[in-house]
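So this first bit is one chain, no partners, the form predicted on its own, shown in structure tokens.
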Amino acid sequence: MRATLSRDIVLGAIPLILIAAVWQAIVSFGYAPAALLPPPGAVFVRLVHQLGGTDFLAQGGATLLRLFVGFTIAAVLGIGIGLMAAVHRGVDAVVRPLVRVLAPVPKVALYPALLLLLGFDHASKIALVVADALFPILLSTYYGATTIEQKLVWSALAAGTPPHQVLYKVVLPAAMPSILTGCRIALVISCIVVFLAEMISSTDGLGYLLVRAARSFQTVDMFVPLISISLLGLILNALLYGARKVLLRGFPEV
């Protein structure tokens, strides 16, 4: 178990090391001026330095707040609507055309309207995260719930499980692998969307830090928020993957 984990960590670190090496080579061999593309060492030193400052932590906290609130709302709505659509034909008849129309729409195009409706504070950015993260979770929940073995439902009913309890005692656990996969996809999307929203219009957050640094041509400080949101997404994805392994212990997929 530990050997497998160590191997996965090493294999996962190799692409990151290669990216840093290529980045350093581009700067060292003069393919890009250091004033425009600072070396990775300078960026990471600056990141470590800023992690000790209250301003950077406050900006990161604003991003985390929007990210977690938006993702949580999307998860609750996506799982609830997906399960209801999977077991009720009436709900399915309403949800299916809405998903087909709205899922392909780039949600960032709705951001100007969200700004006008909800203002420039947290609400508009949280709403954009919800809009983007909702559909991966909803679709994965619907797929997982509609592809479970019908024998599981029949066995539960035969064992005396009330029909209204089958949904959360049988359907939800059986669909959990698909649901958690959708949540991992939605979490990555949420990191991208909240950062983009803060770049477009915000007075705080990691995206705002990048724009503020760009306006003053501080290239090292420009890369710090990019590295920060990447590390944040990596950490959150790893935590969700660990939770998935715990929740799905005993499933053959894990």
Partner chain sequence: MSAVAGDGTATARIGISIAPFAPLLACLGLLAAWQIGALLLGTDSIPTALDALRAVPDILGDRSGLANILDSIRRMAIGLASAVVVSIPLGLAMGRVPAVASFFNPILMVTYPVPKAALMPVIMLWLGVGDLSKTLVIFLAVTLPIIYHSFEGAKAVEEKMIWSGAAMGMSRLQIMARIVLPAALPEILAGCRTGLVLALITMVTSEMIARKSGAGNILFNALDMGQYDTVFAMIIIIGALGIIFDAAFDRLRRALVAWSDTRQDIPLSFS
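These figures come from a predicted structure and were not determined experimentally. Superpose the two forms; the largest set of C-alphas matching within 1.5 Å is the rigid core. Numbering follows the first chain given and starts at 1.
There is another form of the same protein, the form predicted together with its partner chain; it is not shown, and what comes next is about it.
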item: Contact test, all of Val105, Phe195 and Leu210, partner its partner chain in the model of the complex, heavy atom 4.5 Å; value: yes
item: Contacting member of Val45, Leu64, Leu57, Val188, with respect to its partner chain in the model of the complex [4.5 Å, heavy atom]; value: Val188
item: His122 within 4.5 Å of its partner chain in the model of the complex, heavy atoms; value: no
item: Close approach of Met222 to its partner chain in the model of the complex, 4.5 Å, heavy atom; value: yes
item: Pro112 within 4.5 Å of its partner chain in the model of the complex, heavy atoms; value: yes
item: In the model of the complex, Ser230 touching its partner chain (heavy atom, 4.5 Å); value: yes
item: Its partner chain in the model of the complex - contacting residues of 33-67, heavy atom within 4.5 Å; value: Leu36, Leu37
item: Rigid-core frame, C-alpha of Leu239, shift of 2 angstroms or more between the shown form and the other one; value: no
